[in-house]
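For reference, the chain that follows is the form predicted on its own, supplied as structure tokens.
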């Protein structure tokens, strides 16, 4: 089993997960790299992604597994795939898989919050997220439940960017109990609606194991 690390940024963030799978299939064909296919009447390339990326979210740490065939070497894969990749998607590395995706425990992410009135509520947001308890309503398969996100995240920092946006850098758990970037921002909408941003942009920065080491 082989694994690639790739980024998905710029206009590519609007490509859905299903279209990303199709893109990867075509890129492998164009690159001439043979990979294993599923069996059956309608075989398709075997590809396994760590965590499907929501549409509109950028990432520098996407992971995908596949099985190389035909004698291709892992060190050749990034350059050969990148020669056929669309704008915004680039393979950064390739290696033999040694760890299972279930060992991913944490996600480092960034959220950029934009306000049309040009008044930055940086300090007010720091006060909100520094609370001992931050209880929000979270949707579940059975309806909704109250969750204290202050007890879930593994660290959070709020700064003001040069363009006036508020930058939230946080470490979020990815396994149950999990916390998504959207749920982190939902705390603003539920608890301080007056601080609700006019637009929010998200970026995955790094995935980590239980010991906070970059997952590879």
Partner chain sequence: MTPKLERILTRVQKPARYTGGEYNEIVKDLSAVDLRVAFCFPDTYEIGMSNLGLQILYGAINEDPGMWCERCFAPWGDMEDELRREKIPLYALESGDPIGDFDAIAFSLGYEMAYTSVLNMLDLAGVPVRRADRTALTPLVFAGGTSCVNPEPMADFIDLFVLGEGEELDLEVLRLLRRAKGEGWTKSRFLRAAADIEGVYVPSLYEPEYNGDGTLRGVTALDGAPKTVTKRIIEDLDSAYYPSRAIVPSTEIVHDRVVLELFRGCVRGCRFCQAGFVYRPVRRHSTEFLLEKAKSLLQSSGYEEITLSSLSTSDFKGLPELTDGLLEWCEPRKISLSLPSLRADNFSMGLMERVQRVRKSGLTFAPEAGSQRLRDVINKNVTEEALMNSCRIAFEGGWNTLKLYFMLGLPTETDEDVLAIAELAERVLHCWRQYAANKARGVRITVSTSMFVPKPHTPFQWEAQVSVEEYLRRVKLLREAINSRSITYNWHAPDVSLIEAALSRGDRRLGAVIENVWRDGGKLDSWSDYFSFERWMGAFEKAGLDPDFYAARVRGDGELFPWDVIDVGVRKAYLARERRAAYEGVITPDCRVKCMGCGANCLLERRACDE
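Positions refer to the first chain, counted from 1. Model, not experiment: these values are computed from the prediction.
Here the subject shifts to the form predicted in complex with the partner chain, a form of this protein not shown in this document.
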Inset, instruction - With the partner chain left out of view, choose which of 67, 191, 169, 55 has a non-hydrogen atom within 4.5 angstroms of it in the predicted complex. - result: 55
Legend entry - Contact residue in the predicted complex, chosen from 135, 92, 145, 83 - any heavy atom within 4.5 Å of the partner chain: 83
Legend entry - Segment assignment from 27-35, 148-156, 176-184, 59-67: heavy atom within 4.5 Å of the partner chain in the predicted complex: 27-35
Legend entry - Check all three, 127, 129 and 213, heavy atom within 4.5 Å of the partner chain in the predicted complex: no
Inset, instruction - Spell out, yes or no, whether the shortest heavy atom distance between residue 11 and the partner chain in the predicted complex is within 4.5 Å. - result: yes
Legend entry - Any non-hydrogen atom of residue 196 within 4.5 angstroms of the partner chain in the predicted complex: no
Inset, instruction - May I ask you to state whether residue 43 is within 4.5 Å of the partner chain in the predicted complex, using heavy atom distances? - result: yes
Inset, instruction - Determine whether any heavy atom of residue 101 comes within 4.5 Å of a heavy atom of the partner chain in the predicted complex, and answer yes or no. - result: no
Legend entry - Contacts with the partner chain in the predicted complex - residues in 131-163 whose heavy atoms fall within 4.5 Å: none
